[in-house]
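This document starts with one chain, in the form predicted alone, laid out as structure tokens.
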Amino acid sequence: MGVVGDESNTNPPSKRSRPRARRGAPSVPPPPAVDAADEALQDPDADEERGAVLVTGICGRLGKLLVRELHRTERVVGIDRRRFPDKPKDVVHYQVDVRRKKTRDIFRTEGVRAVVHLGVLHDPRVGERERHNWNIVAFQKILDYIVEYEVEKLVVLSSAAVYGPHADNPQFLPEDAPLLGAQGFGAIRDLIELDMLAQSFFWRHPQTETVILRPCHILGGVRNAASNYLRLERPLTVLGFDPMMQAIHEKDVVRALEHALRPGAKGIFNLRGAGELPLSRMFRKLGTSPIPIPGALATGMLDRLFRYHLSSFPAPELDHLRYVCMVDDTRAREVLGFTPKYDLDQTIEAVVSPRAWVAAR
């Protein structure tokens, strides 16, 4: 695993003069030229003075999609303990565990101006202690470095799952709705705690523009519960339930992240796709035949399958197949200026398209 370099006690730079990368750090070629129709061409030296956009979890599906858009106009630095063999040449990737002290060197040497935090561990199979250490302890370190090095912008990708699916949910949940997703589903507690840490940081450090995005179910080549579920040939459903669902295309999420990086953007924003429809209609569009099972039987079955590693879906996920959990995205449209580009058909079909399928394997 790669390392950044020796620890140093050098004092953090001020916002007025951020240092260039020190000798020994990966070199960063000048960014590609922008279209001549733009108001002004970017100067590589000015771009370096402006600072880098640091992306955690850069090797995940969303991280790679985001980087391929950002590197055209920004100097991009990524942290991920996984390899990134197909990264753009002008992107700097540090193959390091974000929890290590080496992360501090990256903030010090790269002159980071913005952080996009995508490095959240969602795997319910990972032990509770390890998952908490990765998601919460690591994120708190990142927040400390943001304060120490006076980073101007923080964008955190949370999830609408923090609200939780419940029988008494209103039709559409606003951003100030209570975060009840952990009731009956311990695996999401970390995500709620991370979301609340980001909210607390927003109020305690107003000098950093903090944006928290809470997208509905993300579909595409991502390997998440929603996309994996819809790829099943014979998915289980709960007999007697057909909840309304929202979904957003993975590339629309990337566009929302780009909107969040714009100067002046701050606050909490729900993200939704082009509409909502019943789960049964999603199956019809995909041409799959679900297997309806009584709720008690489905819970016991999933418990056993998950315990013996025969399923990647824990039983509490069944609540998403029973109850509504849809969000109101008015603030994202009016304040953030974000509207989805992909319609529902394109979004749903993205989970089984050849390109998405290869990316998800």
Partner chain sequence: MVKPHTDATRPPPVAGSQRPFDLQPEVSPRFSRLIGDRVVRFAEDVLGEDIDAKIARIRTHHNETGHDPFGFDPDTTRYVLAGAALLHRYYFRTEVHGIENVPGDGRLLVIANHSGQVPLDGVMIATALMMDADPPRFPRSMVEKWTAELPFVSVLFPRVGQVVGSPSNARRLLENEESLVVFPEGARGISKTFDKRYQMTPFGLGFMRLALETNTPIVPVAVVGAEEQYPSMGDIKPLAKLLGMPAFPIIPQLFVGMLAPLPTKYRLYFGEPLRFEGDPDDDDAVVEEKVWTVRTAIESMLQRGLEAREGVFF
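Residue numbers count along the first chain shown, from 1. Remember, it's a predicted structure, so these values are computed and weren't measured experimentally.
What follows is about the form predicted in complex with its partner chain, which we do not show.
At the 4.5 Å threshold, heavy atoms of residue 281 reach its partner chain in the predicted bound form. Its partner chain is not drawn, but in the predicted bound form it has no heavy atom within 4.5 Å of residue 127. Its partner chain is not drawn, but in the predicted bound form it has no heavy atom within 4.5 Å of residue 153. In the predicted bound form, its partner chain sits within 4.5 Å of a heavy atom belonging to residue 333. Among the residues 265, 274, 197, 121, the one placing a heavy atom within 4.5 Å of its partner chain in the predicted bound form is 274.
Just one of 193, 90, 242, 148 comes within 4.5 Å of its partner chain in the predicted bound form, counting any heavy atom, and that one is 242. None of 199 to 207, 67 to 75, 162 to 170, 107 to 115 except one has non-hydrogen atoms within 4.5 angstroms of its partner chain in the predicted bound form; the exception is 162 to 170.
Using a 4.5 angstroms heavy atom cutoff to its partner chain in the predicted bound form, all of 328, 349 and 352 count as contacting.
For the partner-free chain shown, 323, 326, 328, 333, 343, 344, 345 of 315 to 347 come within 4.5 angstroms of its partner chain in the predicted bound form, judged by any non-hydrogen atom.
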